[in-house]
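For reference, the chain that follows is the form predicted on its own, supplied as structure tokens.
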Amino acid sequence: MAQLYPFNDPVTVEQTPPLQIAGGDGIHVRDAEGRSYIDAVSALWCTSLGFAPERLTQAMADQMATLAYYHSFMGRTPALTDRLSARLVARMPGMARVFYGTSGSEAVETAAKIVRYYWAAKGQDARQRIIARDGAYHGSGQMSAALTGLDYCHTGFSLPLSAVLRTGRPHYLRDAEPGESEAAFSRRRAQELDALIRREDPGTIAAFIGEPAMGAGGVILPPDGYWDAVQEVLSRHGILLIADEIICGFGRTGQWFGSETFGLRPDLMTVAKQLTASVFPMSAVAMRAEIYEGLKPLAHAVGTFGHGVTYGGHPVGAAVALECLDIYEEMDLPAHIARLGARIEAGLAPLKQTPGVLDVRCRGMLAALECDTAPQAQAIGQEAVARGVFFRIIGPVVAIAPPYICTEDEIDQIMAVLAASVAAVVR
């Protein structure tokens, strides 16, 4: 083995090599031995249109034959990338401009730079720090990993953690006080945020970053009133809001964007994953007109906006993203997700009464079964693999996020395997 595998224990991997995936079709992947599995979490929450989508493959091939690469530096840009930008800002709530990269981590890195640049342009250079939440996942770069609220992403990497302020996660099930309602819990989290800002000085804080619904932190859906309460605090202190839509964006939670599902009014949004159904590496940071207009004077004074990556706005990625948007619109995405999400929810409901299951939750096609302990969830995941279905195990949580191209029968099959796996572990 010559690869250093991401998010693996290298000692364990040397003893038990990773399962090699050799092929895929629809919602199935096939290992090197020919065994087939349903991937019920869309790989990394991202293969919304499956593992061999013909229309995206054709869009990619057609664009490769026309213009295989060009950049957007120094007064040039692919025409197709401008077309995509217009489609995106027309679809995204309140956004006016987009800036491209190649991964979600890169998008978060860029968003962190943009908010600091914006405040510098406004003459408030002291606004450097960004608030992020316990349990959040925002990527594995430098600043993006620092913003991530998971210790295993920090240890040993010497990240710029001093640039991050940390506040509590919105996990009502685990973190609420006895007898505390969802609304009261949300108010308490907002009060804690307000106290943090006052203690640390709002004049030193550039932004707050949050996933509309948390993914890698355990599929945590915001409780009643949470985002309204948080945004009221941010508005009071003049702090920008970055919505990290890497997982939620393009339908996952039922609306086109998680910000629409949960009532966020972000100043910036990061998107990736379902932007191209992950068949091409592409990400974007979108921003309100106020952010773009605010940073312009400094860039003009310097003579350039001095940030960019070689493959940002790649024309092949733009072709794939445009085809994805066409497919999503043909699906009538919110209605399509609502229908399949209801099927997931119906499959989860009977499991809530199972011993050892603390909670089941679902919004759109983002769902979870939360166990009392992590070993229970791990055992359920292993049982499911033996039955030919991949779920993602996050501590005590079994995460479910199937591709959008599932049929209702395939959703039922996924949920039946989950139920059988839970029953086997309970026995």
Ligand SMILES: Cc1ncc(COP(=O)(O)O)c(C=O)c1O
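Note that residue numbering follows the sequence shown and begins at 1. These numbers come from a predicted model, not from an experiment.
Just so you know, the form predicted in complex with the named molecule exists too; it's not on screen, but the next bit is about it.
Among heavy atoms of F208, none comes within 4.5 Å of the named molecule in the model of the complex. In the model of the complex, at least one heavy atom of G104 sits within 4.5 Å of the named molecule. Taking the partner from elsewhere, Y137 is found to have a heavy atom lying within 4.5 Å of the named molecule in the model of the complex.
H314 falls outside the set of residues with a heavy atom inside 4.5 Å of the named molecule in the model of the complex. With the partner omitted from this view, the residue of I242, V219, I247, A319 that lies near the named molecule in the model of the complex is I247 [heavy atom within 4.5 Å]. Of the candidate stretches 305 to 313, 96 to 104, 291 to 299, 178 to 186, only 96 to 104 contains residues with a heavy atom within 4.5 Å of the named molecule in the model of the complex. The partner is not shown here, but in the model of the complex the stretch 271 to 291 reaches within 4.5 angstroms of the named molecule through a heavy atom at K273 alone.
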